[in-house]
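Only one chain is given next, in structure tokens, and it is the form predicted on its own.
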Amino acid sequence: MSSGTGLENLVDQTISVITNDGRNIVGVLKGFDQATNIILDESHERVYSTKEGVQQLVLGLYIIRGDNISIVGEIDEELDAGLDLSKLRAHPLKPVIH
């Protein structure tokens, strides 16, 4: 049985991170530690709205504390590149309640 977080296979891959406060941050995973703190490069936050398309706020090199991470997912870069985010409408995510 593996004792790792499963992030080893995602290094240098584009991932999406959903934080406990409902933010969606997309970037290239550059590293992580035993507390699941992660380092993203070329990152941006995707801000969803029901009234206008998805806004992308450039963050650049970004560190996310492990205790603020809800979900980490791999992005299919080809599929993601084909999305027209300006036409996508969605409710913003609500914070995680423990």
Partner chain sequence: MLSISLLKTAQGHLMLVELRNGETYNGRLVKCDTWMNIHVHEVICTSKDGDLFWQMPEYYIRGNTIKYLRVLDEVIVKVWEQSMSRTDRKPPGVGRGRGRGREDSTSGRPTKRISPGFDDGAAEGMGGG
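On a predicted model such as this, the values are computed, not experimentally measured, just so you know. Positions refer to the first chain, counted from 1.
This next part talks about the form predicted in complex with the partner chain, which is not shown.
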Taking the shortest heavy atom distance, is residue 71 within 4.5 Å of the partner chain in the predicted bound form?
-> no
Flag residue 76 as yes or no: does it have a non-hydrogen atom within 4.5 angstroms of any non-hydrogen atom of the partner chain in the predicted bound form?
-> no
May I ask you to state whether residue 62 is within 4.5 Å of the partner chain in the predicted bound form, using heavy atom distances?
-> yes
Does any heavy atom of residue 46 come within 4.5 Å of a heavy atom of the partner chain in the predicted bound form?
-> no
Check 30, 33 and 37: does every one of them have a heavy atom within 4.5 Å of the partner chain in the predicted bound form?
-> yes
For the stretch 83-98, return the residues whose heavy atoms include at least one within 4.5 Å of the partner chain in the predicted bound form, in the order they occur.
-> none
